[in-house]
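Quick setup: one chain, the form predicted on its own, written in structure tokens, and binding and motion questions come after.
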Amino acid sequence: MSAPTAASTRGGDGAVVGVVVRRVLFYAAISLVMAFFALPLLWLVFAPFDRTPSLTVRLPDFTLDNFRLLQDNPYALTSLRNSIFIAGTTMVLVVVFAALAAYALSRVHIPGRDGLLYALLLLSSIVTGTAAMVPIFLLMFQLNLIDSRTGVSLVLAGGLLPAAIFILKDFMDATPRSYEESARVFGASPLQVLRHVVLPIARPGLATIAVWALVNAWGDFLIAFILLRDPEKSPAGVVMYTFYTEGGQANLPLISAFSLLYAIPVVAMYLFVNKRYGFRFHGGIKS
């Protein structure tokens, strides 16, 4: 009886060793992936405060001269305000119109409704802003919206709306109809039902759409670059392009300091929404 017992013990030890080895390899792979994504973030934090920033990640020779140099640039800080205006306007337009359209499509049954949604989503993915830039430019010219920050926001919102409607419709579908019926019994109008009953339940979805629209509008370059002529109206993504020389040489002190300021609003928006609403969903209703 002792021989089988010893063999089984050795087999059990081997299985334990195998589990430990696999776990060590797994955590090593995860650590490598985290380091791969962490290096650019570390550069973003350290380089703005380095006296001579480079493309390598290192502890900075601390200085604030890069931010003073950025302050002397005539368009840098103005471009951040322009980005806030364009991204904020785009976010509001997308959230408002996507909520209205998603609620209508969720509650009104029309022939081909689902096909229409999928067609809008498919076309918005295939016909991107780059492919449609010529007709968009002609349309903005006819509407006298060239060199207008509002025009840029309208174009960005139009491109984001199909996907936003598609996402929000699932949250609207998950809202219990009994809540709306109770509100109608007390005389609530459809807009009041949407505002006081449906939207509070769909807040996680609205928060997700808001952050998604803000990030897309904040990082836009092409549309603003083509539609805006006045440098005073250019957003940060366009102004950062001017921090390169004609030969493509990067001005790293300016770029590093500007990149840190450029990232702060989006990170702050994400942290605020995540703390307030979270991103944990169960059929459109926050857990």
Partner chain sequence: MASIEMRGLTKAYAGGVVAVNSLDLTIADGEFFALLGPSGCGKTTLLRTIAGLEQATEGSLLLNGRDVTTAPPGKRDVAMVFQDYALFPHMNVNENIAYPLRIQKVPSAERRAKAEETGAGLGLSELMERRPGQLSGGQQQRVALARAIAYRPQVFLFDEPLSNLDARLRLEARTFLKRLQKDLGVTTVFVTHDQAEALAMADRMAVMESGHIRQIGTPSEVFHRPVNVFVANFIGSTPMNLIPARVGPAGESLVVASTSLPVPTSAVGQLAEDEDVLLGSRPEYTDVSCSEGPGALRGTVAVLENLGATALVSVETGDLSVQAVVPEGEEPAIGAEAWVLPQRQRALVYRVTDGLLVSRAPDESAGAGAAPDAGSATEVASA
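Numbering follows the first chain given and starts at 1. For the two forms, the rigid core is made up of the largest set of C-alpha atoms that agree within 1.5 Å on superposition. Because the structure is predicted, anything quoted here is derived from the model rather than measured.
Not pictured, yet referred to below: the form predicted together with the partner chain.
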Could you check which residue among S182, N73, T208, S148 gets a heavy atom within 4.5 Å of the partner chain in the model of the complex?
S182
Residue-level question: is S178 within 4.5 Å of the partner chain in the model of the complex, judged on heavy atoms?
yes
If we define contact as a non-hydrogen atom of the residue within 4.5 angstroms of the partner, is G187 a contact of the partner chain in the model of the complex?
yes
Is it the case that G112, even though its partner is missing from this view, gets within 4.5 Å of the partner chain in the model of the complex, heavy atoms only?
no
Though only this chain appears here, would R81 touch the partner chain in the model of the complex if you measure heavy atom gaps against 4.5 Å?
no
Who in 73-102 is close to the partner chain in the model of the complex, meaning a heavy atom within 4.5 Å?
none
With both forms fit on the core, has I201 moved 2 Å or more by CA between the shown form and the other one?
no
If you line up the core, does I167 shift 2 angstroms or more at its C-alpha between the shown form and the other one?
no
Superposed on the rigid core, does the Cα of F97 end up 2 angstroms or more away between the shown form and the other one?
no
